[in-house]
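One chain follows as structure tokens, the form predicted alone.
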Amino acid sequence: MDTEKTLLKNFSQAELENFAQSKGHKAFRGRQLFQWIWEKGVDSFSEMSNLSKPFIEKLELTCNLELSTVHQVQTSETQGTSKFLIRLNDGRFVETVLIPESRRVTVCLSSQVGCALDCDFCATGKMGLKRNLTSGEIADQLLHVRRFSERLITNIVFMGMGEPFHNYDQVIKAANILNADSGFAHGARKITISTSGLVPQIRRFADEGHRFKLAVSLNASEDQSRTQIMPINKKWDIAELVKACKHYTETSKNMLTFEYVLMQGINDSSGDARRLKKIANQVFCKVNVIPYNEVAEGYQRPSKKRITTFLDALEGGRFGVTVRWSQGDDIDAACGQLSTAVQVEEA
């Protein structure tokens, strides 16, 4: 009877070193494996030229390098953004986005198939949660995009499908692969993990001393509105969330980003801006205002005049403000729009 092959991409570098030793080889062979898989991005064991032929033959018999394949790529004709529909080995799909800009190239990674948080304005939340991704499945998305991109990838954000902190261990493991010198060698400060406000995980992230950047989706300045659009606010309200954010910045000494998706008639009044200013003044942070990309019925992007009025009301705060006009809305690749129409295909 055939035994299931070992999926090496789900191993950290340390785990691959232990794996190599368990097969009777030196630990450095595991480091070489890690480097071939992620830094060099090879598709087969036969390409690993500094491994012995018997070791390669054993790997081919007992191990597997394939976790996912690119099913479809859509590229925006107006903005250059590309959306990748990636098929996982179990037949499910996730989406990944490549965002080329003048001074940087960003990849937006998914951490789950779907999402359990059911934010009312977000397409991914309407899918529900199908399952978590493994660290290898997360990092594999970057391999696919790197092969496609004509430019060097400079920034990585965990802002695709799913709530990264609901899959905390695998997301941190994947981020470490992206950061590792023998992996993708991306600087920790060029990797951003986003959360909708899971307070225990924010505190854990701070206490564990991770150097990756943190973004928190606030999206409202008072509890009634936030609970309406983000049910997680019932569990941890804005006051609890702000305490956790302050713990993060005070413990890590790192700046935090508050993401604020601006929606007409929901969170875009001058009063909302004044309350947001009061919240942000309490935390070492910047505020990233994201005019809404229309997905859900009942939610709309405010007019440019109303956006300008909102931004004017934030002036004078002890924090920086940026406006992110999301790329790729014409191919449903912008913030909040990721949702796989094909949710599962027979393996």
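Here the structure is a predicted model, which means the values were calculated and not measured. From 1 onward, residues are counted along the sequence shown.
Below: the form predicted in complex with ligand SAH, not depicted.
Among heavy atoms of D140, none comes within 4.5 Å of ligand SAH in the predicted bound form. Within this chain, S135 is remote from the site of ligand SAH in the predicted bound form, having no heavy atom within 4.5 Å. For the chain shown alone, V261 is a contact residue for ligand SAH in the predicted bound form, at least one non-hydrogen atom being within 4.5 angstroms. Remark: E163 counts among the residues lining ligand SAH in the predicted bound form, judged by a heavy atom distance of 4.5 Å or less. Only one of 85-93, 248-256, 146-154, 192-200 places residue heavy atoms within 4.5 angstroms of ligand SAH in the predicted bound form, namely 192-200.
Contact annotation: of the candidates M48, I307, L314, I290, the single residue with a non-hydrogen atom within 4.5 angstroms of ligand SAH in the predicted bound form is I290.
Checked against ligand SAH in the predicted bound form, the residues V113, C122, I99, A220 give one hit for a heavy atom within 4.5 Å, which is C122.
Contact residues in stretch 304-318 (any heavy atom within 4.5 Å of ligand SAH, taken in the predicted bound form) are absent; none meets the cut-off.
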